[in-house]
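Heads up, the chain below is alone and in the form predicted alone; it's given as structure tokens.
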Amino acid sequence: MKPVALVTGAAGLIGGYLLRSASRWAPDWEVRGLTRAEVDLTDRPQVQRVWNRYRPDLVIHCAALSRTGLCEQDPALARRINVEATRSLADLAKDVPFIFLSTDQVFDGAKGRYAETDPVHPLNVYGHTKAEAEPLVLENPTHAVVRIALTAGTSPTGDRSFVEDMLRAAAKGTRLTLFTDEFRCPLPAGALVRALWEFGLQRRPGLYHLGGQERLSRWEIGELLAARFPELRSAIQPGSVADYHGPPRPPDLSMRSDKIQALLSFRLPGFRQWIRSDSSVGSDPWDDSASGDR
């Protein structure tokens, strides 16, 4: 019998890609996905029953309340999902490898180019809940935390990625202001999940960063996307985070991914390099998992 890998958040962006790519990157594993419709991860008895059914040999925990606005509106719910559910799963997985997906938003963005050794200082509720969950996972010396960067992809529900958000807004005629002084290290979903599978099957514990090789502003990201999606061209305009009024926005969440890169068989792509070199046309332009070889 094949060992079982359990992927939570299977209806989300990263979880969906993990399931779709499993036959390619984890062919010797039986991969089971869990969605919110199938199990409420905040309900410990439900989770225990699912655990008893599958008895997984590896857990990749993608499920989260990740919309920053929703987390600000309901911090208690964000904490139940992002902290308490993670604690319960990590406890159940005490004897097997467990990978918790965290976020670059555990940082305040004051410095940029963050390494795993830099102290966390989140500015929003989402970042706070992820920062609180990380040490709970790492209490187990066999478990891992992977902080992921901004990810480009298409989700099963069509509403989980920043690319989908931008395209929907453009279709409604909404004008999008993209900051020239807010930075991330975006990564296409195909490359990200290939890295997660390679990393996960090596059973490497500890804390890791996983993002693209390039530090790009939101405006630069928008310009690159407009080259692929012409409908965005008339919808985007440059702006400055200094003029933004709302919840705190970390200005520079760029991360260094050297530590995880050393474990991978391919080079993590930069977003500019990837999007300009990929000329494939299909239903999902982000599902080119081999793009990191270019």
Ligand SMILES: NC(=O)c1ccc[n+]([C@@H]2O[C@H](COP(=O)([O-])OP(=O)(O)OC[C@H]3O[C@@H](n4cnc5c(N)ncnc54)[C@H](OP(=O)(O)O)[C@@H]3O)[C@@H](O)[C@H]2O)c1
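Predicted model, so just to flag it, every value in this text is computed and none were measured. A residue's number is simply how far along the shown sequence it sits, counting from 1.
Here the subject shifts to the form predicted together with the named molecule, a form of this protein not shown in this document.
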With the partner omitted here, the residue among Arg36, Arg228, Arg44, Arg267 that in the model of the complex has a heavy atom within 4.5 Å of the named molecule is Arg36
The one option of Ile260, Val59, Val31, Cys62 with any heavy atom within 4.5 Å of the named molecule in the model of the complex is Cys62
message: Within 4.5 Å, heavy atoms only: does Leu101 come near the named molecule in the model of the complex?
response: yes
- Query: Heavy atom to heavy atom, is Ala170 within 4.5 Å of the named molecule in the model of the complex?
  - Reply: no
Q) Counting only non-hydrogen atoms and a 4.5 angstroms cut-off, does Tyr114 reach the named molecule in the model of the complex? A) no
*Might Arg160 be said to contact the named molecule in the model of the complex, defining contact as any heavy atom within 4.5 Å?*
yes
Of 216-224, 173-181, 137-145, 124-132, the segment with heavy atoms within 4.5 Å of the named molecule in the model of the complex is residues 124-132
Taking the named molecule in the model of the complex and a 4.5 Å non-hydrogen atom cutoff, the residues of 5-37 making contact are Gly9, Ala11, Gly12, Leu13, Ile14, Gly15, Arg36
